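First, one chain by itself: the form predicted on its own, in structure tokens.
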């Protein structure tokens, strides 16, 4: 049963993650008054990438891609999708944060080993950016764990049952906004897309990838988005007892992110950390103090 559940979770993450990327391309096109590609175009693109030849830059380059994709898949297994969760433990949120860091470092290790200066610049930007959005994100989540006396993602979802007004979106609104802003950085959306910046550094870390390597990183990106939004849905939107209702919530949150991202400009490099340590961190501190002093009301 665990093998079947693992396969179901991984397939859900990959298929729905690629579907979200297709929705993103369609929504951005409509905002720009274009028709855009079909939603299933992302599936076709990934299939083409895996069918093409690839250029390798050595063992570390290859291993980093495997580490990035494998770490993301391992992270997915700890995230509840409705009632479906393969691996569950009392500290699964801490495990998720650790595994997501492993995936990011794997990609950084691979990209830097390519030898392309644009890739190194992109990795440097990505790691610098992490210092910005991760701090307010973790501060709010640590406050939530303190208030609920649990570090289980499923546990925080279960205590919100009983109606929409019990969702942490309404009980911890400042923290929900801070985490929502941080999600733009985790998923690499504007204004936090400085590591890619095609017009500046030719897609940064992605510049040397082709074929199966680029296809694998596309799957990784789709899974990261799905995992990131799934955590938000579980912690702030009460999760869902129904599998399809959970996916509908993920789609709604992602669509809102895309619509916001499509109408705001990219931060300059020096603005990324400055902004994150100014407003999101300020409100994260306020929310954490409230959670510690008063708990969840």
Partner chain sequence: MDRKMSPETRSALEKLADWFRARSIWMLHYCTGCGAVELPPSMTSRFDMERFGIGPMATPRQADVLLITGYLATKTLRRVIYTYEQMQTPKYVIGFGSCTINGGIYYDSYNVITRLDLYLPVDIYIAGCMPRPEAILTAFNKLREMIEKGEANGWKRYEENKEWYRANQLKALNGEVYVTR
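Only a predicted model underlies this, so the values are computations on that prediction, with no experimental measurement involved. Positions refer to the first chain, counted from 1.
Omitted from view is the form predicted in complex with its partner chain, to which the following refers.
Checked against its partner chain in the predicted bound form, the residues 271, 255, 262, 41 give one hit for a heavy atom within 4.5 Å, which is 41.
Taking a 4.5 Å heavy atom cutoff to its partner chain in the predicted bound form, the contact residue among 161, 88, 210, 128 is 210. Contact with its partner chain in the predicted bound form holds for none of 12, 155 and 187, as no heavy atom of theirs lies within 4.5 Å. Only one segment in the set 65-73, 235-243, 28-36, 262-270 has residues whose heavy atoms sit within 4.5 Å of its partner chain in the predicted bound form; it is 28-36. Of the heavy atoms in residue 113, none are within 4.5 Å of its partner chain in the predicted bound form. Put simply, residue 57 is close to its partner chain in the predicted bound form: some heavy atom of it is within 4.5 Å. Its partner chain in the predicted bound form comes within 4.5 Å of a heavy atom belonging to residue 203. Among residues of the shown chain, residue 173 is not one whose heavy atoms approach its partner chain to within 4.5 Å in the predicted bound form. Contact annotation for 64-84: no residue has a non-hydrogen atom within 4.5 angstroms of its partner chain in the predicted bound form.
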